[in-house]
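Before any questions on how it binds or moves, here is one chain, the form predicted alone, in structure tokens.
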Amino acid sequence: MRLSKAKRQALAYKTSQFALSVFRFVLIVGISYIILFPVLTKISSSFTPLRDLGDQTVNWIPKHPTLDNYRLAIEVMNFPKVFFNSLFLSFLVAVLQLASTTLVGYGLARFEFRGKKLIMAAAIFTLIVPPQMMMVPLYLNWRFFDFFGLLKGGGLNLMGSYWPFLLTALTGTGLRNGLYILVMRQFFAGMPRNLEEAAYVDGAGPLTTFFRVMLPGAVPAMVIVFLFGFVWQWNDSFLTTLYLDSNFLPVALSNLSRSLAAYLEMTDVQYFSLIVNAGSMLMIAPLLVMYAFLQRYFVESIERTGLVG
């Protein structure tokens, strides 16, 4: 029986939609595998004892799962101390970055002044310059901090303190601040101007308008900036090593193998890999917990700020 033209078109449409759905499914599964495979490998090996490591029959699930790897990682890393140090620093830096980049982004989006485009270009340019290229100037700047030559006698030595992180975060020049300024600028630029105009008509000044009218509507972008700032500072090891000591999670984790060699007086690379994977999970776990609680707000904020586009 021969199908009519309309039925053939409908069948072709349904076939193309089915093929597209299958392609989408395969693509999502493939991307998920690429992302989840390293995490699942670390989770599996973090519970694997040394005697199961050489067992060829053990693939993903260890025969004798153990928590000894975590106990040893917690003890060698001094986990409670480094955890709370990293938590305090990451939270404080994220809050200060949020405050400074929100103000800068609002100014670039809503006010006209000379050099505005140059400032925005410089903020974006900082995203492509790796901090390793500025290591020597950064070190010298905070080792002999003289505040543009106003402090005499060689300046202040701010190394080994939180001040380099706090001052850069407070002035909008910290880690990845160019991205946060861009996010806030784009969000404020997309907000209707009649909100400001109505506030000005009612007698509100620029600061009052910003805090009472514009800021409450910018919560989605602020959530993105805070979460990104917290996660990047939490995972940062370069600047933490440069400015501070080893009492922070990224540095303690990077030094874990060396610390294990001194602690156990042995150099079993395979055994050390199990402990390092356990330490990696201890570092990742707080971020996974935070994402689990804030997932809905995070996804909504990503959609409303337009970062997916």
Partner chain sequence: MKRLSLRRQKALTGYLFSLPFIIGFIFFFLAPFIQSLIFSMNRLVIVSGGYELEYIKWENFRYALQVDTEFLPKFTETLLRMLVDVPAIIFFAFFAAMLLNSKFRGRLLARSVFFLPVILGSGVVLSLEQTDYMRTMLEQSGNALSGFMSGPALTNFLMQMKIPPQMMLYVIDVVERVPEVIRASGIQILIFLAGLQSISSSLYEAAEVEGASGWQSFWMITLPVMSPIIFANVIYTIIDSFLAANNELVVYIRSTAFGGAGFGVGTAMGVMYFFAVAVVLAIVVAVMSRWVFYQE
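Only a predicted model underlies this, so the values are computations on that prediction, with no experimental measurement involved. We call the rigid core whatever largest set of C-alpha positions still superposes within 1.5 Å between the two forms. Numbering follows the first chain given and starts at 1.
In what follows, reference is made to the form predicted in complex with the partner chain, a form of this protein that is not presented.
**Q** Can you confirm whether 126, 280 and 287, the three residues that make up this candidate site, all sit within 4.5 Å of the partner chain in the model of the complex, judged by heavy atoms?
**A** Yes: each residue has a heavy atom within 4.5 Å of the partner.
**Q** Thinking of the partner chain in the model of the complex, which stretch from 67-75, 81-89, 215-223, 176-184 has heavy atoms inside 4.5 Å of it?
**A** Stretch with heavy atoms near the partner: 176-184.
**Q** Would you please decide whether residue 62 lies within 4.5 angstroms of the partner chain in the model of the complex, comparing each non-hydrogen atom pair?
**A** Judged by the heavy-atom cut-off of 4.5 Å, residue 62 is well away from the partner chain in the model of the complex.
**Q** Would residue 295 count as a contact of the partner chain in the model of the complex, using a 4.5 angstroms cut-off between non-hydrogen atoms?
**A** Result yes; residue 295 sits at the interface with the partner chain in the model of the complex.
**Q** When the contact criterion is heavy atoms within 4.5 Å, does residue 161 count as touching the partner chain in the model of the complex?
**A** So residue 161 does not count as contacting the partner chain.
**Q** Counting only non-hydrogen atoms and a 4.5 angstroms cut-off, does residue 93 reach the partner chain in the model of the complex?
**A** Contact check for residue 93: no, nothing within 4.5 Å of the partner chain in the model of the complex.
**Q** Quick one: name the residues from 20-52 with any non-hydrogen atom within 4.5 angstroms of the partner chain in the model of the complex.
**A** Going through 20-52 in order - heavy atoms within 4.5 Å of the partner chain in the model of the complex - the hits are 24, 27, 28, 30, 31, 32, 33, 34, 35, 36, 37, 38, 39, 41, 42, 45.
**Q** Indicate whether residue 285 shows a C-alpha shift of 2 Å or more between the shown form and the other one, with the rigid core used for the fit.
**A** Moves: no, less than 2 Å.
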